[in-house]
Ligand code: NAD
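A single chain, nothing else alongside it, follows as structure tokens in the form predicted alone.
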């Protein structure tokens, strides 16, 4: 039985009396059993975070930076262990966790170790001639964060790192299905010398533990990554105590291919962009809009590549695509495809649950869907699986309009060899990230966050500090004059 709580520098079981099995979705086998957290555990974790805030918020930036630098070194030494744990609890191929999830997470630690010493504000100056103004950036307090199951380690990093680098303390609730690496990380934060109570993790049910965390009046800010409907619920609870809210929600990323695009690059980009993490990625390419002269060739090339993707044991380095997170998610994805088939869609590749040795896991074949309408369910709703829909367009204006015809705005890409087309797409597509001639790459130095119902606020980069700090204006009189000239607008001072 693995501990489900790390609070006040100590790991322990939750006190709910309820157990939860973390399951390997590739095999259906139990990875860990946990006694999950209760509301009382949340209250204690928040108390630990509140107690630690005073000293941590006043710690010198160099001290916070040094602790994060030590954490990066610890994670480097345990990189393989983290990759294997992430693969076991999520079903991600070991190649993805080894080459993407874990090194990206460690790079994030290194970035924020440096960023902790470089908080910025306006230069001190006398804007009115008689007062010196300056900006202080101050930590907000206790941050309550809720992370999703699709990138457990990376999302834990995105929540924890900017918060504590800025001097806040945090209580993180990971998804029940994938808490293992978050709990490992909390213990390693302690080993790196981050004081007890600064980083706390509680694994429990969203409707009890999650809502208790969001609603606790000692929590000054909430950060949530997940679906848009749950994000709406988070906002509703947070308004009761007027907390700052940071949301990274759903997506339905367009993949716009103009008629001058490099076909090979676009087809390979579609496979990588649509199938990363088995499509369980809010930024994954899900709607390909292809200008009509390239449409048939793009569909044929992409279908051929989809059919060549290797499904298999996630621990095998040769495996390209792992299972979905659960059989429930597998059935949800299959339902989208079957309903589309029922209203006349063409399944150009995939569209089946594989049999044989893969039948014991939550696998689904990479699926390419054509001949659907723009307003169809499969083209509008977030599927969160290895499914790409392809629709044609004629004019550039039509392609960009179709890309923007969605409630979401997290990410997008445009494919063209014309710099002017690329620049226009980058300007007109309504999304927090627009890639040109690629889809998915992220770097610690650049922000990640959405438009519209994909949420607001930024993860990663220096922009993340906008979320996790209060900006205070300090104004100091430099004249020494008792009777200021402006006072006469209120009273004469006789």
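This one's a predicted model, so the numbers in the text were calculated from it and none came from an experiment. Residue numbers count along the first chain shown, from 1.
Not pictured, yet referred to below: the form predicted in complex with the named molecule.
- Shown alone here, residue 244 lies farther than 4.5 Å from the named molecule in the model of the complex, counting heavy atoms only.
- Using a 4.5 angstroms threshold between heavy atoms, residue 439 stays clear of the named molecule in the model of the complex.
- Residue contact check for residue 227: one or more of its heavy atoms lie within 4.5 Å of the named molecule in the model of the complex.
- Among heavy atoms of residue 82, none comes within 4.5 Å of the named molecule in the model of the complex.
- Residue-level contacts in the model of the complex: of 195, 148, 141, 350, one residue has a heavy atom within 4.5 Å of the named molecule, and it is 148.
- The partner is absent here; in the model of the complex, the one residue of 214, 414, 71, 161 having a heavy atom within 4.5 Å of the named molecule is 214.
- Heavy atoms within 4.5 Å of the named molecule in the model of the complex are found in exactly one of 335-343, 124-132, 369-377, 148-156, that being 148-156.
- Shown here without the named molecule, the chain has 382, 384 in 357-391 lying with a heavy atom within 4.5 Å of that partner in the model of the complex.
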